[in-house]
Structures are given as structure tokens and as C-alpha cells.
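Consider the single chain below, provided in C-alpha cells and representing the form predicted on its own.
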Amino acid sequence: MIKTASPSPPLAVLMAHGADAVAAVRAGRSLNDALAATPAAVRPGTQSLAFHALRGLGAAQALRQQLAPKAPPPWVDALLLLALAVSRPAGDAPPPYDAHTLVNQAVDAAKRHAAAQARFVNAVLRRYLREREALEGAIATDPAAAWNHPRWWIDALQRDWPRQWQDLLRADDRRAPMSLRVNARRGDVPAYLERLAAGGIAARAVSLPGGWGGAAIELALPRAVHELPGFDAGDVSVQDLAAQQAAPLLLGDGLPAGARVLDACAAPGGKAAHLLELADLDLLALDVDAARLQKVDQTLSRLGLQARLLAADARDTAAWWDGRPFDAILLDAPCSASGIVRRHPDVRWLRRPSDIEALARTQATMLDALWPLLAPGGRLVYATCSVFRAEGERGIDAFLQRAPDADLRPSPGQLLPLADNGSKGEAGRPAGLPDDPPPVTDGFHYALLHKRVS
């Protein structure tokens, strides 16, 4: 029997689900959670629309305010915002649909889900088409509309990165590449590139920024993971280049077989798995969220690796620590996720200024709690996927003042999602990157701390 391709869902259906997603984010839920509740058949199209909408939400909110100063009901408002955002470019992505088609489909979506508001939706969107030039001019001086980030976020980047803040805001609206980590127990980068080429998948080898680690693979175009050769068998994993630096940085020149290692915030398990791919360790994978810890178990099972898993709050050491010191600790601390906005465009709209202060306090508490668990001569890697200095160098500087037995060793420092990746501060592109064009990592901060032997 000949199989025929399933027809694409109507745009009105995708817009309705996209409005659900945008409304959920505006109500404080993550986009991942919202998409998980979307039917599988329409999830890819819904995600594409939602990404475009959230990358253009600042301008869309300003335009809707011009068009309808009194906000409509939340779902209708989300539909309008989605339609307005998708009718405009988002970063380097042009509008994906003809403007009039988009209006017609938005009205159709409203008729199905909020019939009493369909005429209002039609009037607002058609007015935008008629008066687009004047409306766009009216919002041009609004920073949140111009940069599609909350004003406080823009101000924070201007303070932290006065020469790069504009590039960072633009970077958040670009699509992130798909990077792979080859399981060192099963193969290497050159051999896996050959497997990709045999399967018609274009890819290249790339160096980890600054030479902290070896090489990885970057795909020319994203693929479903189950299309990757050997993925289900554990031959390869998806992991950004910045995240791939944690394991080699912690291992350094090598730890003895059976060394006691703690991954203090292990979920979803990528860094724990990388450690076990590179070395034979007695690894404890800890996470406060028991449900997320199941993802660690699934990750390790797929890769054929083993570790001890424990659901506990890393700060409450009296509740879980057995009193034996660790040779190495990885603290991938809870953070704002401001360095991975290109992958999670909802983050910028979910965070509040007070979150950064609260997260910095949590990070400091975790450092203080875990440092006494490290054996003299041991090493701790502190990591956050953030571009805010409060969650990076400022927090580490403060910790060094509190811990006289801690030394800061050479480490990547601040990585930015830019071609020069920020690993030399604002001085430009670091040495050791022969790739052309240079790979662009997520935003991360790394600090390698060594405990003095008294």
C-alpha cells in the first residue's frame, strides 16, 4: 500500500494553538509546558509560530496598544499578538505568510474559539494593514518594541556589556544551531561525520571555544534526534558547544578511576553523561526535582552509563551527604537562562528583575553549602547558562572573598552567544578557533575553583 503524506494542518488551527501557547507564556507558564499540551500532529507548526511570536512580542504588544488601548480577553489578545508578530520579520527570519492570508486565518481561528470577538480581531488586523507605516513609526522609539525584550533586560545588558549589548539582543532572535556530542566510549568525531555523510546529513566538526575540550559536531540543519545515526543506541547526544565544556573542565588532566564526583543539579543529565563517557567515576547525580531526575535516568540508560541518582536539595547537605568528601563537584546552578534565549524565546518574557537577585542568592547559598564537601586538592566547576554578570563573575568574586581556601584557576569565564563568544571578555575573538565561520555557543559562565591543601 502506498503511504501518502499527511496534509498540513490549516493555518487557522495552528494560529489557535499558537494563541494558546502565547497566552500561557503571558500567564507565567513556560513554552515547553504549553507545547507539551498541544496535540502532537500540530506541535511542530505551533512551535514555529510561537517562536516567531515570542521573538517579536515586544513590538506586537506596542502595536496592539496603539490599535486597541483596552486589552481584549487574554486568548483574543494572544491571537492578536501572534498575528501582529508573525506579520513582521523576527531577527533574520522573514514573515512566513502573506499578510492578508494571515488576517483571514486569524479571523477564522477567532470564529472557532471566540466567535463573539471575530469582528474585533478582523477590524484590528485590517487597520494594521492599512496604517502599518504610521503605526510602526509610532512604536519606533520604544526600546522594548525595537529590541523585543523587556526594558529592564535591555538596561541590564547595557550595564553588563556596554559594547556588546546590541549584538546580544540581536543574537537572541537568531535560530540556534544543533550541536552534537559523540559518545567517546563508542566513537569519535571523524567517524561519526562519515556516518552522517552516508546518511545525507550535512555537518561539520567544530572546536570548543578557547580550547576548553576537544571537538564537536554542528549540523547544517536541525534534525529529529531519531534520524541521527545511532542516537537510540547511545552513539551521540544533542548538546550545545558551551555545555560540552563542563565535563572536560571538571576532569582536567584526569581523575583516578573511581573518583567520587558530584553533579549537584544534574537534570536533564547531559553533563553527567558526558563525564561518564570520558572517565570511570563514582558519580552521584543529584537534583531537587524527582520528576526531572527521571530524565537523567533515561539519558544514562540510552547511553549505557550508570550513576547513583538521588532526589534532594543540594543545599540541605545534612539530609543527603554521607560525610565522605568528593574529589570533584559540578555545580550547574539554577539561573535566569538568559544565555539560552535563542532556544527558549519565552525566557525573556517570564523573568522579572527580582529573579536575578533571588537567583544570585541561591547560587551563593549553593556554593557555600557544597564547598565544604570538596576534598582538599579537589576541584569545583561552577556554571550558569546566563549572560548577566550577577550570576557569573560577580558571584564568583564574592565567593572568593568568603572562601580563603579557594583558588580561581584558568577557565572559560563568560561565554556569549556571539561569534567572538566573549571568552576573552570584550577584547574580541579568542585564540584556538580555526573554524570558518566560527561556531556560536549559548551564553554560559564557567569558573574552575581549586581547594587548597592546608
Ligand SMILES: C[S@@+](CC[C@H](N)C(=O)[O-])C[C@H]1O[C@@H](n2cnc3c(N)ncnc32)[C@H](O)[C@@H]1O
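What you see is a predicted model, and the numbers here were worked out from it, not measured in a lab. Start at 1 with the first residue shown and count on from there.
Only in words, not in the display: the form predicted in complex with this ligand, which the text now covers.
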Review point. Quick one: is A99 in contact with this ligand in the predicted bound form, heavy atoms, 4.5 Å cut-off?
Key: no
Review point. Is D368 close enough to this ligand in the predicted bound form to count, meaning some heavy atom within 4.5 Å?
Key: no
Review point. Any chance G270 has a heavy atom within 4.5 Å of this ligand in the predicted bound form?
Key: yes
Review point. Does this ligand come within 4.5 Å of any heavy atom of R302 in the predicted bound form?
Key: no
Study note, to complete from the structure: Of 228 to 236, 326 to 334, 250 to 258, 166 to 174, the segment with heavy atoms within 4.5 Å of this ligand in the predicted bound form is residues 326 to 334
**Study point:** Contact residue in the predicted bound form, from K111, R127, R315, R186 (heavy atom within 4.5 Å of this ligand)
**Key:** R315
Revision key, fill the gap. The one residue among A83, V341, A266, A242 placing a heavy atom within 4.5 Å of this ligand in the predicted bound form is A266
Review point. Which residues, if any, of 285 to 312 lie within 4.5 Å of this ligand in the predicted bound form when only heavy atoms count?
Key: D287, V288, D289, R292, A312
